[in-house]
Each structure stands twice: as C-alpha cells, then as structure tokens.
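Quick setup: one chain, the form predicted on its own, written in structure tokens, and binding and motion questions come after.
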Amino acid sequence: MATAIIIGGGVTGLSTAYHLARRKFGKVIVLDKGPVGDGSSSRAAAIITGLLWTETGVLARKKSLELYRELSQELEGYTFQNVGALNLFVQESWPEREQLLPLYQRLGAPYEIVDAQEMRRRWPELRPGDDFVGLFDPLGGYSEPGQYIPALTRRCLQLGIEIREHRKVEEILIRSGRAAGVKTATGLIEGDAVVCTVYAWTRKVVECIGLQVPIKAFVHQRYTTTPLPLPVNIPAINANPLGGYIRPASGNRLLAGIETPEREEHRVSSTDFHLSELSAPEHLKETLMQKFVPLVPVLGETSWETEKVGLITFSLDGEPILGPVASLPGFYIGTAFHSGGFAYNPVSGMLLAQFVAEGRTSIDVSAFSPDRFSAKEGEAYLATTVAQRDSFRRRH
C-alpha cells in the first residue's frame, strides 16, 4: 500500500489529505508540530474571490469556489458564506485591474463593475467615497475558520486519514535520490510521497535537503468586533485603497484586517517558532476604526473583541508555489499563497493530491511550479530585506 506523508495540519495539508483519501490513494498521514490548524489557518480572514491576476490563478480559484460549495454540502457543521466579494479601487488604481476584465470574460469568471452610487443602493450599510470603483465577484464570499477547520478535520478522520498532532518533522529522509519519509522525535515514518504544506516554516523545513525556496513572510493582523444587534448585510470586501479588508463574521460581528506597510519581513529562524510570539502595534486598532468607519459606519457602534496575529507568505513573483520538486522525486510543496491560502485550499489540496496520485493535474499549474526560479534569482531575493509596502499587494 502506498503511503503519503503530509507535513503541516493547516487547511492546505488537510485538504491534500482529504483529496488523496477521496482518490483511495492508500495510507495518508498528516503530521503537525502542534494541534491541527494552529498556525496561519486559524488566523486567516478566509475571504474568497475568483478575480485574480493571472490565468492560472483565475482557473484555480474558479475551481476552489466550486469545491467550497460542494464542501458546504459534505462537511457537517460548515457552510460557505455566499455573500459575494467586493474588490474596491480608486480611479487611479482601477485601470490596472480593468485591463484584466477580458481575461475574466474569456475564462468565465463572472463579475460586475459597480460605482459608488450603486454600492450604496445595493448595500445600504456601505458608504464608499464617490471616487471608489467596485469590482464585484458574485460567486465570492468567505468561510469561518472556526467552522471549516474542525469540519474538514472530522471528515479526514472519517475517511481513515491518520492525523498525528505534536509531531514535529526534524528531517526529510532520502533514499536512492527520492523522498522516502520523515524523521520525528518519536522515530522514522516511511512513505512514497512527502508533501510539505507548512507555509511560513517552509524554508526551515526544506533546508535540511538543501532546497532553497524564494519566499518571504510578513506579519498580518486581523480583528473581530463585539456583537451588533443585527447582522450586517455587506459582502466580503477587499478595501485596497484603505490597505485592508472587512467582512461579516459569526454572531453579528464584523471581521477586519489592516496591513502594516512599513513593517519589514519576518524571518522565521527555527521550526520551534510559534505565531503566538508575534504582536501587532496597539495603535492599529484605532487606525483600523478611523479608516473603516467611513466605509462601514455601523463599525463605529462596536469595539474590538479579539485580535489574531499571523504570517502571510509571498514568493519572488507573488504567485503560489505548488507541485513536485524535480531535484527530489516524491517530494511536493504547497506554499506562498500570498494572503489567500484559505481561499486556495480546496483546489490546492486537490492539485497536490493529483500530482501525488496521478502525476498530472486537471488544471495546468506549471506557472506555480517550485522549479520556475533560477538558483541565482532565488538567492538574490532571499538576500534582500523587504518591507511589506515593497512586496506584492495581493489580497485574498
């Protein structure tokens, strides 16, 4: 019986395990150094839109949105929140996105262009400025990580997947030039395929096999409000001119996040690092209110109830890194999904499972290949220190 070992019990790892089990691959083992979902997954805003920047991204997200709707029927305790996704621009930034409209039309990704007046009419609780342009994705929406992660975990267990928590991977085993398993503190686990989905820890995990992955991590913070008397009828909003996002949340709450453009990349120095070591400047809570109350006035009737701080990761070219590593047969990576790892996970897990089980994918994702970067450009990228303002501005 073939065995697949998945390093990382976040949504990408769980999704990969789920799709392998659905394909009756064989034995599937998920390893996490802590509890399942304890990393970036539980700290995600989980906004999903299909209106991305490249053909590969649009095709992948189109499938992801389809799978989210299927999972909403299959996973007990989980429902995809089909409220649509509104991507905001100002007149100066709109032409760059407008150039992509023919791509969306060609690939069958539906959209609507809505001006400020129409946004105010359609969503009375929104007050966009007159210079705002909205690109609305009617298939978009959001997930609640607190629902989705437990529901997907339960389904994985029902499908016979072994989930081993508190099992940190110390080494990747290589035999006859192939990935052959992993070493943990409790011993060796042998397998026919090893899939690394650990996100911010990727570089530290793969350095033991001499692999260099050109990705950088940035601190990300998001907040949830106290409950409001009634639900807020707005879509999930990528408010690009405001440097953040806002969406409804469970219990009549709002969830919002804001970037810190001046903050330099965070370098993960050890696999022992935990996201709880991160912090956000206290003034961001007030800054977030100041920026977003004019857009969503009801936000001013609440206060911040919870704060979660995590890491988002970007590759050298801003696109995900997903697929087999040519220099080490049997080894696969899924990482660097910019701020949209949660949005990608149904399809990223499906694609990784297809690579492992079938050696090919139903969507051409050669643009995401781990081997697309030269060693020289990868080394140059990793040698620089980048502030968030100078990285790719790609939200969900």
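Just so it is clear, the model here is predicted, and its values are computed rather than measured. From 1 onward, residues are counted along the sequence shown.
There is another form of this protein, the form predicted together with a small molecule, and it is not shown here; the text below is about that form.
Using a 4.5 Å cutoff between non-hydrogen atoms, Arg222 counts as a contact of the small molecule in the predicted bound form. Using a 4.5 angstroms limit between non-hydrogen atoms, Gly349 is distant from the small molecule in the predicted bound form. Of the heavy atoms in Ser339, some are within 4.5 Å of the small molecule in the predicted bound form.
Although the partner is absent here, Val205 sits close enough that one of its heavy atoms falls within 4.5 Å of the small molecule in the predicted bound form.
Distance criterion of 4.5 Å from any heavy atom to the small molecule in the predicted bound form singles out Arg167 from the list Arg155, Arg167, Arg253, His266. Checked against the small molecule in the predicted bound form, the candidates Leu31, Leu67, Leu59, Leu328 yield a single residue with a heavy atom inside 4.5 Å, and that residue is Leu31. Comparing 293-301, 190-198, 88-96, 123-131 against the small molecule in the predicted bound form, the single stretch with non-hydrogen atoms within 4.5 angstroms of it is 190-198.
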